[in-house]
Every structure is written in structure tokens, then in C-alpha cells.
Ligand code: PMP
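The chain that follows stands alone, in the form predicted alone, written as C-alpha cells.
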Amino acid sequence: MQWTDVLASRNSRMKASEIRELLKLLDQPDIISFAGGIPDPALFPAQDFAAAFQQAMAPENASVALQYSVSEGYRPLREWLVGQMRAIGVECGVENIFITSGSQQALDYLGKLLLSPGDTALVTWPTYLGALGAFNAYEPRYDRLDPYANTDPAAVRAEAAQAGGAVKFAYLSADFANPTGETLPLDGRLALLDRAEALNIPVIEDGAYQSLRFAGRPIPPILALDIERCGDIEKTRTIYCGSFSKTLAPGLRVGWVCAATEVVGRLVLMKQAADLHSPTLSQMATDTVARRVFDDHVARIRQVYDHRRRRMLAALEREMPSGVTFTRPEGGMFIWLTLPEGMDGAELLARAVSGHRVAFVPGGAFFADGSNPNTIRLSYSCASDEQIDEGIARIGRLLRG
């Protein structure tokens, strides 16, 4: 059987994630890795989950935990999330919350819901690699999302039409974005809503890192600003994607969407066609742990990650040669480096791993067009003080050489 003869055309747009491949380096004990943007497993609330899963499997609960369930998600967890969304300024009801198997599934569903082949997706430049992977299956064209752009909306629509489709949505992570660590300020969020209204498109707000603010003043989510304008979530154009992966544990695969009920209803149909519902057992355990320890646990991981962020920024100040610039995030897990013109992050990685036993992610993978190869992403979430100091020193020596 020649499988290439029968594959759908979308397969040409799908390829292995560079970050997923780089995570294999974590199995090599002599590698100092700043590659994976993953939470520190030492910080998982493991004992709390052990108790929560035991509770879910108690005789009075097991018939619910192990049975088929509704596609919208476990109602008590959705009710808890209503309170969490309200705490960040988003007034909504349980009917506006939809549980997914991680926010990555939400991005896949939204790509399937909104994109036809040849349509244009507006994304940040660079943008989250997982979002590009999710959207690629639906064969879009990408254009740069700039909230401050003064380009005539009619010209943007005309260019999309010439490419064979329409402008369908704007996607971004507004807080401590992966990969740059940067946050879109309030005026940028308002400008983005203006631009989305002019183009008559939805905004997909990826809130994966929203809870991980270490410094500065919180900024309302784009969905909260949208509700403030419209007066009601049912009139909004913003779709908020949240996740427990960076706060509790990624292995749970529990995320959520908060949006108008029309959007939620259509996503429910996607869910019914794909996997019926997210695992009830994980949802029940997540609900129990979230109610018991969420605020205290998030406060703890913020303290740890903030220390590592400051340690890495200090090491970069000390070790980076002239011509290297880097972001100074107020939260999240990432710092973005721009290298002198002519350098290639992928080539640098090969030399860093083979000769210096240190790893990071080349930045070109985060650009829809593969541009800007002279960039790299560093993550401090799983590195000790000693690893940060030594690893950044090694990268500095490599760059100077």
C-alpha cells in the first residue's frame, strides 16, 4: 500500500513539532535544557491529586467517574470556572464554559470551526507553535496580526480574497506569550478589538499563562474588555481558551473555552464527533483539587518561577555579548533572544548541544513563514539556579566564539 497516494492534501501542512522533538533531549542527564516550556514536575500537587482520584473512585462516585458524560463537561468544574472567570473580570454563566482535552484541543476545534482552505488567519509574529500546528490541518494562509496597524481593512480583505479565501480570525496570547514572554498592553487590546470589529472577525485569546503574573499590574483579558463594550458575553466576538496545564498539571489534559453560547454549542458538536467528552475522571479530580488548593498552589509556583525568571535575566545581563537583545517578561515561562543579523538559531542549537551540552528552541519555528532565524526561545521553568548560571554562561561563550 502506497499511503502517500491516498493521504488528504492537508497532510502536506502537518509536520512534527520541533519542541516535541527537542523534549527528547531532557532524557539526556548531561544536557542543560532551556527548551521545553513545561511546568516543573516537582511542583505538581501530587498528593492532592492522589486523594482526589481516590475520592472520585469511591463507590458513591465511581459510576459517574467511569461512565459516559455530557460533551459540555463536568458541571461542578464548569461552575467553579465561572467563578474563576468572574475573578478576572469575565461575567459569564455555566452555559458559556466548555471543557476540552487541554487548550490544544480547543485550538484544533476552532481551526476546524472557522477555517476553510485558503482562508486567512491573523497571528502574532512570532506565535505559539502549537497554534500553527493546530490550524495548519485546515490549510489556511497566515498574515501578521498587528493590533496597531493602520492598514485599510478593505485592503486586508481584498488580499485575503485574492489568496482564495476570507479573513477568519485573529489569534494571540495576550499575557506572557509563548514564545516571547511579552504582554499586550491595555491600549493594544482595545486597538485589537477595534480592528477585529472593522474586519468583522472573532478574536481567539489564548490564556494559557494568564495566571502566572509575577510583576506589574494585571490587565483585563480581551474577553473582559469585549464584554464591557457589548454589555453581555452573548454579544462578544472574543473566544477565551484556558488551561490547567501550567497551573496544576499538564498530564490531566483539562482545558476550557469561555465564549458566547452560540460558539459553545458549535464546539459541543465538534466534541461529539471527535471524542464525545473529555475524561470525567480527570475533570472530577481537577475540580476537587482546584477547589481545595488552587489559589495557594498558584501563589507557590509564581514565587518559584519568578525567582528563576529573575535569575535568568541576571545571567543574560552578565553573559550576553553586544548585539544580543532579550525580552523582560513580567510572568509566564519564556525569554526571547534576538541575535545579531546573520546568525541562525537552528545552527546555533546544533553547536550548543554537541559542543556545550545546552539546549533551547530556535526561533524560526514560531514564524508562520519561517523568517527571523536569528532568534531563540529560552524557558526557565524547570532549571535550577546552578543550571541557569552555567547554561547561560555556555550560551554566552558560544555566541562570543
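The first residue of the shown sequence is 1; numbering continues from there. Predicted, not measured: the structure shown is a model, and the values here were computed from it.
Here the subject shifts to the form predicted together with the ligand, a form of this protein not shown in this document.
- None of the heavy atoms of Arg213 is located within 4.5 Å of the ligand in the predicted bound form.
- The shortest heavy atom separation between Lys168 and the ligand in the predicted bound form exceeds 4.5 Å.
- Mapping the unseen interface onto this chain, Tyr128 counts among the residues with a heavy atom inside 4.5 Å of the ligand in the predicted bound form.
- Among heavy atoms of Leu110, none comes within 4.5 Å of the ligand in the predicted bound form.
- Screening Tyr305, Tyr138, Phe326, Tyr209 for any heavy atom within 4.5 Å of the ligand in the predicted bound form leaves a single hit, Tyr209.
- Screening Ser245, Thr120, Ser282, Thr288 for any heavy atom within 4.5 Å of the ligand in the predicted bound form leaves a single hit, Ser245.
- Comment: 95 to 103 is the region of 189 to 197, 317 to 325, 264 to 272, 95 to 103 lying near the ligand in the predicted bound form, near meaning a non-hydrogen atom within 4.5 Å.
- Taking a 4.5 Å heavy atom cutoff to the ligand in the predicted bound form, the one contacting residue in 176 to 192 is Asn178.
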